[in-house]
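So this first bit is one chain, no partners, the form predicted alone, shown in C-alpha cells.
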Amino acid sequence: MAIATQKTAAETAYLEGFDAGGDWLAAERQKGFDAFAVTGLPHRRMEDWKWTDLRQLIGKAYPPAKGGAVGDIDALAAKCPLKDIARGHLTFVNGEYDAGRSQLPASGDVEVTALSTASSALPIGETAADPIDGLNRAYVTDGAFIRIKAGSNADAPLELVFINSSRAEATFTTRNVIELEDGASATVFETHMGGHDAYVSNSVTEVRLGNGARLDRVKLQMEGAASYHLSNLKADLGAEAKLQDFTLTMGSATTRQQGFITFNGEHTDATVSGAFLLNRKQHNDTRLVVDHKVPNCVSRELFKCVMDDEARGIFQGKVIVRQDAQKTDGKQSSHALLLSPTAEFDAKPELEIYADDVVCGHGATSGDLDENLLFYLRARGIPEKKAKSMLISAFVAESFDDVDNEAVRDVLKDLADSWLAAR
C-alpha cells in the first residue's frame, strides 16, 4: 500500500539523504531505497502496523548518520552486561565498525568480519516486503558477518555491540549476517546501547542455519530513553537445525522489533522467547511470524511482558503451517503483567493452518499481580514492596529458562532486579 503523497519531515530526510556510495554495498542500498521510496514509513493503515504508526511517532527528521563517535563511548561500552562472558567482540559506534574497541577471534573455521572491511560481496538476503527492511538496506553503513564452517564449534560466545551516541538527531543503520554451515554451532550475543540523545536505530540480523546447525542468540535492547529502536530478525533454518533466540527489551521510547522464522528442512526446532520491562510512556511492539514450510518441525514462542506507569506493550504472533507441513508442533504464548491502571497490553495471536495433522495452539493473558500470592508472602513477614518484586521477578524469570547459558541467565536476572529496584 502506498503512503499519502505528502511526505513527513522524517521521510523527506530519508529520501533526500540517500547516497548509494561506491563500495560493494551500493547495489544493495539502491534496492532498499527503491523499495522504501514506494512505501515510505509504515502507518496505521497497514494491518501489521496499526498499533505503531511510525509516520506519526517519528515526527522529526532523523537523517542518515555520517558516523563519528560523540559522547562518552567508553563509559557506555563498560556497561555492556555480557562483556565478561563473551570471548570476542565486534563493536560498532554510531553505525560504524570500531576496530579499537573490538577483539576478533582467531581466523580459521570461524570467519568474522565487518561488512565495511569485507574484501568482496557477501551474501545478503532478498529485500523483504517490509518498509523497515527496505530502509535498513538503503542506508546500511556497517554490520557484522559471521560464518562458521561445516562441522565447526564456536560456542565460546561472540558479542556484537552497537553503541549509539550523537548530539545530532540521526539514524544509525546496521545489518548483520550470521551463516552456520552444516553441523556448525555458535553462540552470539547482540547488545544495543545508547546515550540520552534522540536518535533512530535500525538493525537487521539475517540468520542462515545449514543442516544440523545450531545457533544460540541473546539480544539485549538497552537503547537510550529518547530513542527509536527498529529491528528485524530473519532466520532461514535447514533440516535438523536448532535455533534458540531470546530478547530482553528495556530501552528506547519506541521499539518495533520483528522476527521472521522460516523452516526449510524437516526435524528442525526453533524456540523464540523474550521479555519486556517497560515503564513511563515506553512503547514496544513485537511482531513474530513463524513459517512452517516442511513437515516434522517444532516451534515454541514465549513472551513475558511487564508494563508500569503509562507503558504499552504489543505482541503480534503468527504461526503459518503450509499444506505440506504435516506433523507440525507449534505453540506460542504471551503473558502480560500490568503494574499500573494506565498501562496497556495488546495481543494478536494468529494460527494460519493449511495442514490437517498438526498440534498447534496459542494463548495470551494479561492482568495484575495475584492478590492471593501477595497475601501469602506478606503473611510470612515479607514487606509489601519486597513481595511484589519477588512475584514480578518470578513472572519474568520463566522466559529466561529458555537460555541455556547459566551465566547469561544470571545477567538477565540481575538486569530485571535492577529494573525492579529502580521503579
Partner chain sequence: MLEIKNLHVSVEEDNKAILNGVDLTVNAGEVHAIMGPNGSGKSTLSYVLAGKDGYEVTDGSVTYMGKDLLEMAPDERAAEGVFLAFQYPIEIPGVATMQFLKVALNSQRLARGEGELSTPDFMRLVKSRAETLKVNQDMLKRPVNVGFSGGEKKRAEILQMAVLEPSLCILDETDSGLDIDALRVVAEGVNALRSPDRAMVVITHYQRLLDYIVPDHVHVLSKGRIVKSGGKELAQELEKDGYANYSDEAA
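Positions refer to the first chain, counted from 1. Treat the numbers as computed from the prediction; the structure is a model and nothing was measured.
In what follows, reference is made to the form predicted in complex with its partner chain, a form of this protein that is not presented.
Should Gly361 be counted as a contact of its partner chain in the predicted bound form, where contact means heavy atoms within 4.5 Å?
-> Although its partner chain is absent here, Gly361 would stay clear of it in the predicted bound form, with no heavy atoms inside 4.5 Å.
Could you tell me if Glu384 has a non-hydrogen atom within 4.5 Å of its partner chain in the predicted bound form?
-> So Glu384 counts as contacting its partner chain.
Applying a 4.5 Å heavy atom distance criterion, does Tyr354 contact its partner chain in the predicted bound form?
-> Although its partner chain is absent here, Tyr354 would stay clear of it in the predicted bound form, with no heavy atoms inside 4.5 Å.
Should Arg45 be counted as a contact of its partner chain in the predicted bound form, where contact means heavy atoms within 4.5 Å?
-> No, Arg45 is distant from the partner.
Can you pick the stretch from 50-58, 361-369, 374-382, 27-35 whose heavy atoms fall within 4.5 Å of its partner chain in the predicted bound form?
-> Flagged stretch: 374-382.
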